[in-house]
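Below sits a lone chain in structure tokens, taken as the form predicted on its own.
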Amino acid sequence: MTKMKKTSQICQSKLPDNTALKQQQLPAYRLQLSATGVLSGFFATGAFCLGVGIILILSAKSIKEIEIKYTKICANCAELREDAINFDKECTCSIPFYLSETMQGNVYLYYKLYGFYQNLYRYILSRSNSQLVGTDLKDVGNCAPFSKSHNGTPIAPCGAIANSIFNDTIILSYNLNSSIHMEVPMLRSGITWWTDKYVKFRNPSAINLSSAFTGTAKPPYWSKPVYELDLEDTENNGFLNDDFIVWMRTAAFPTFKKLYRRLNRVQYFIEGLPAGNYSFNITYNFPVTRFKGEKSVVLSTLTWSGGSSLFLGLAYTVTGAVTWLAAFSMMAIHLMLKEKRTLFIERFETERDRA
């Protein structure tokens, strides 16, 4: 008897509490959808997606953009860079072009690479985040084969991403007339994501930047150490250099463009880039012909919706069109079934009246 009581008490203790939540007695609403409600929802969603898609496409089409591929134009320099022996020889080329329309507002200068796979798994992992936040410059464990120099000194920044940094120099010149040529003022800062500049990349703490990197070596393909990337602006030097940070954010596709400079709207360029004759003066350093790649330089404006890519607008438009197609299909099926149901009811009532 005592055993049975104990067993009964144990079983009762395992029962859930007698509450509405645990006994699954909470009030619930069962949604009852009508054909009219469902079709209205589909038509409204389709109209919204189509409207947003058309607006995004028109916004992207309003962007003014000019792209110039310069790998073949600078063929002599490209051939020179094929041989690593010529790494210390400077090669420049000038590319004149005519801007037919004024680029109003903010203008951005990009470099674009074709056939460069930054999305390879081993390439993406070839970096040291503890180095890049300035905590441990000797942490080069994930950076092989670009972890240490030939004499065993840790490389900073280490890894394949940092070693392959884009290092062409691009200068835009404006030909005011046949005798006056002026360099277009460009800003080299403010081109990164805020989180990259102030969270993911930090310089090691030291009185002076060069002493902070004592005991480290520059990457093998670099012409100067990381603390000399921008001697004019201490806030844009070392791991905080904007060009370096932009390159370290790897691209998802083999064809990509990265922000290089933005127009400083002063003097003749307050309203943007005026129409006229321009030229790109390029110091050619980054080799691409060996892997059958190409390089180009892009001048572009932006709108509230971003760049000139039509992908988002087309995605919304296609989604809206498919939603409407589904809505019309369901409406057709609904009307057919409704008509059959009406005929069935009428026939049933006729037969009943005859009976």
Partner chain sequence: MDCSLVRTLVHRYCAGEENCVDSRTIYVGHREPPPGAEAYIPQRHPDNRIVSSKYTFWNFIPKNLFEQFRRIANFYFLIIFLVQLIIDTPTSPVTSGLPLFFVITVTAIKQGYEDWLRHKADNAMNQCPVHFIQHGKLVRKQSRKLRVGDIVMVKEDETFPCDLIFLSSSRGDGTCHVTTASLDGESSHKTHYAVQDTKGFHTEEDIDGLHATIECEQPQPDLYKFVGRINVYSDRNDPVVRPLGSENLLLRGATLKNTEKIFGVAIYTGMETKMALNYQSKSQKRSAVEKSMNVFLIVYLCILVSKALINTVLKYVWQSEPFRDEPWYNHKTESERQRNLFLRAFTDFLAFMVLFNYIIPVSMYVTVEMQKFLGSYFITWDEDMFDEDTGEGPLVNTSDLNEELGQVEYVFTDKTGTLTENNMEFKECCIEGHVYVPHAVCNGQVLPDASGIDMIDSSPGAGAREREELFFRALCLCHTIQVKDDDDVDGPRKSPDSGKSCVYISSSPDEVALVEGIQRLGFTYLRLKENYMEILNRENGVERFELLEILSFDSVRRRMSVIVRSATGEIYLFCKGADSSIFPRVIEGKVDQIRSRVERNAVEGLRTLCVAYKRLIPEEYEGVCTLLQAAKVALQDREKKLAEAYEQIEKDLILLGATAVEDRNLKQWSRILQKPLPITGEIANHVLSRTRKEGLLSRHRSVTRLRLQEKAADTIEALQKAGIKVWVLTGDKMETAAATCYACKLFRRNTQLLELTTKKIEEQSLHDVLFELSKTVLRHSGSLTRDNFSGLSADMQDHGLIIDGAALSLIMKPREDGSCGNYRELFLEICRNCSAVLCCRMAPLQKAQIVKLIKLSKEHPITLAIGDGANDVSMILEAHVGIGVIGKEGRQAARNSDYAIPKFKHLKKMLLVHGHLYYIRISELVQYFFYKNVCFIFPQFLYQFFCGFSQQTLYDTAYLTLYNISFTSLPILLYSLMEQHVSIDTLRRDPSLYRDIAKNALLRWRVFIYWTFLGVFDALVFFFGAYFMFENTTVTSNGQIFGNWTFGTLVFTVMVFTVTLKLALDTHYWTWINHFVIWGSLLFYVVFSLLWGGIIWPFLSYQRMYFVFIQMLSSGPAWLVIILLITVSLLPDVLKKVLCRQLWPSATEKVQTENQCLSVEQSTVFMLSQTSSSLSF
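Each form is matched to the other, and the largest set of C-alpha atoms that superpose within 1.5 Å is called the rigid core. Numbering follows the first chain given and starts at 1. All of these numbers come straight from a predicted model, not from anything done at the bench.
Beyond what is shown, the protein has a form predicted in complex with its partner chain; the following relates to that form.
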Inset, instruction - Using the partner position in the model of the complex, report whether G51 sits within 4.5 Å of its partner chain, counting heavy atoms only. - result: no
Inset, instruction - State yes or no: in the model of the complex, is some non-hydrogen atom of W193 no more than 4.5 angstroms from a non-hydrogen atom of its partner chain? - result: yes
Legend entry - Distance check, T169 to its partner chain in the model of the complex, heavy atom within 4.5 Å: no
Legend entry - Touches its partner chain in the model of the complex: K138 (any heavy atom, 4.5 Å): no
Inset, instruction - Within 4.5 Å of its partner chain in the model of the complex, counting heavy atoms only, one of 172 to 180, 111 to 119, 226 to 234, 94 to 102 shows up; tell me which. - result: 111 to 119
Legend entry - Within 31 to 66, the residues that have a heavy atom no more than 4.5 Å from its partner chain in the model of the complex: L31, Q32, L33, S34, A35, V38, F42, T45, F48, V52, L56
Inset, instruction - Could you check whether the CA atom of I68 moves 2 Å or more between this form and the one not shown, using the rigid core for the fit? - result: no
Inset, instruction - Look at V298 and decide if its Cα position differs by 2 Å or more between this form and the one not shown after superposing on the rigid core. - result: no
Legend entry - Core fit, then T319 C-alpha moves 2 Å or more between this form and the one not shown: yes
